[in-house]
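Here you get one chain, nothing else, as structure tokens; it is the form predicted alone.
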Amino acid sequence: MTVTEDARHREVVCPFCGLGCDDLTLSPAGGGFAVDAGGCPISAARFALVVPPAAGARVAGAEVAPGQAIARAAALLAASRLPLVGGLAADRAGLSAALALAERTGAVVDHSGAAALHRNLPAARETGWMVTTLSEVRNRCDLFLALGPDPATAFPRLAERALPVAPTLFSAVPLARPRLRIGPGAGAEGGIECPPGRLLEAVTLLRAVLGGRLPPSAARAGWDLAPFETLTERLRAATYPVLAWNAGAMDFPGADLVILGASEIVRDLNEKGRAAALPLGGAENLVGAAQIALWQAGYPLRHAYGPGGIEHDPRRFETARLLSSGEADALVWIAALRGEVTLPETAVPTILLAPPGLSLPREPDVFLPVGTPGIDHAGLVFRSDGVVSLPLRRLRETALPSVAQTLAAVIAALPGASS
């Protein structure tokens, strides 16, 4: 098919990772969209998804009228002792509706990516941290140090968007930006090779070398100190070094302490210069979910609505624990921003809100088809750095409702709901 210029969508926002790239050019392609410019493997795969001809609601695997599926979902929630509203991969309006449903049913609220959020929280909450924005990184950073796995895996356009060798807002001369890393595979890139299980040791050692407080035993711990000394010199010489990490990829014991150590290194560097941290993340609008939970409920994610008010407990209200313990006896799983659906392993009644046509690991008790924000309907998502909300446009005409519309219908069908 030949695509005319009029058929193209320009300056499209991609809602599928925390970078929030807003420069994509798309063209219609077989019911989905081809990314002609500004794309990456993640955006290419997600924008290409096609709405199948049969996109109906289902109950126990059988297609039913939307009203029947809504009524069944409401009945399951009404019979539940402790529902869990999870996944939360939705736009701002969908997230607000999810919290409204949780409040109405006395549910727990948790995001599928909340583990990453809670690895970051100790540093932010207990000692405070000095974080920056993607725009500041682009315009000021002259040394970029990543900790852990290569962030380009989850954020393919990170270097292009935040670290280009190009003129900046403050200088017509292109800014050189060495990119270094401490983590698995980093040795091949000229960084410091380090398996995930020893990342805490490496960060602790770097801070000790930076502060001239090297413990006598450090040299006997199997580390070559020379790369740490060289890295320390480069950090001190930089005018705006940035330490970055993707907490979502740091699934190992002590990850929160690694992040705390990185935050303390940034604090140490700021005693004699200027430095900042850049926590990367935010896929599936995790940052938006965290922000909306705070302003709508007054508590971080992993909170519950009960007779005595709202309670927050990041361990007690974790999805896997609630389901495995049997405390949660109904699950609402929202996956409107996913290219695939990974449902938690559970036997409890499950209500799934997701775009139709995706491969499912199992058939939920109730399937409610919804559109994808930024493709099937307009909406807002938050960028990884939390300072910008990005507007999403509707790109195609479908009959699919949004998460917000679907959850509003479920709330209206609950017993005792006002007409």
Partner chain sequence: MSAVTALRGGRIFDPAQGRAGDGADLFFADGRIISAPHGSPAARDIDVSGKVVMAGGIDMHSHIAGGKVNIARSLMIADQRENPDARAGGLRSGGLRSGGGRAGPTTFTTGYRYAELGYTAVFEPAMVPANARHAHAELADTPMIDKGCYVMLGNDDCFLRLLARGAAASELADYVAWMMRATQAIAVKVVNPGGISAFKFNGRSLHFDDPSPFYEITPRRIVTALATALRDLGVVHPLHIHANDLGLPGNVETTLATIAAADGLPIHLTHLQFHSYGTEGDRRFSSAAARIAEAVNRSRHVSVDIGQVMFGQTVTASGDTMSQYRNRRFASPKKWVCMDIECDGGCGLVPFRYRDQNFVNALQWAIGLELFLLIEDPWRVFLTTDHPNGAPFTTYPHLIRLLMDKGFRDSMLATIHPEAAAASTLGSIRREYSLDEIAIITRAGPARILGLADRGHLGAGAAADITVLADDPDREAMFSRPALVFKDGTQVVRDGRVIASVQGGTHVTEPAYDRAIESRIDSFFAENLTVRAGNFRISDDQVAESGPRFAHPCAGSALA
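Positions refer to the first chain, counted from 1. Here the structure is a predicted model, which means the values were calculated and not measured.
If you look for the form predicted in complex with the partner chain, you will not find it shown, but the lines that follow are about it.
*Asks:* Can you tell me which of 184 to 192, 95 to 103, 331 to 339, 228 to 236 lies within 4.5 Å of the partner chain in the predicted bound form, counting heavy atoms only?
*Replies:* This holds for exactly one stretch, 95 to 103.
*Asks:* My question is simply whether P66 lines the interface with the partner chain in the predicted bound form - judged by any non-hydrogen atom within 4.5 Å.
*Replies:* P66 lies outside the contact set for the partner chain.
*Asks:* Is the gap between R394 and the partner chain in the predicted bound form 4.5 Å or less for some heavy atom pair?
*Replies:* No - in the predicted bound form, heavy atoms of R394 and the partner chain never come within 4.5 Å of each other.
*Asks:* Quick one: does A45 come within 4.5 Å of the partner chain in the predicted bound form, counting heavy atoms only?
*Replies:* Close contact is absent here: in the predicted bound form, A45 is far from the partner chain, nothing within 4.5 Å, heavy atoms only.
*Asks:* Answer yes if any heavy atom of Y299 is within 4.5 Å of a heavy atom of the partner chain in the predicted bound form; otherwise answer no.
*Replies:* Heavy-atom contact with the partner chain at 4.5 Å: present for Y299.
*Asks:* T133, E271 and I310 - do all three of these have some heavy atom no more than 4.5 Å from the partner chain in the predicted bound form?
*Replies:* Yes, all three are in contact.
*Asks:* Scan R72, R207, R140, R179 and let me know which has any heavy atom within 4.5 Å of the partner chain in the predicted bound form.
*Replies:* If I apply the 4.5 Å criterion carefully, the residue I get is R140.
*Asks:* Of the residues G56, P28, P52, G386, which one places a heavy atom within 4.5 Å of the partner chain in the predicted bound form?
*Replies:* Exactly one residue meets the criterion: G386.
*Asks:* Using a 4.5 Å heavy atom cutoff, which residues in 22 to 52 contact the partner chain in the predicted bound form? It's fine if the answer is none.
*Replies:* Stretch hits, in order: D22, D23.
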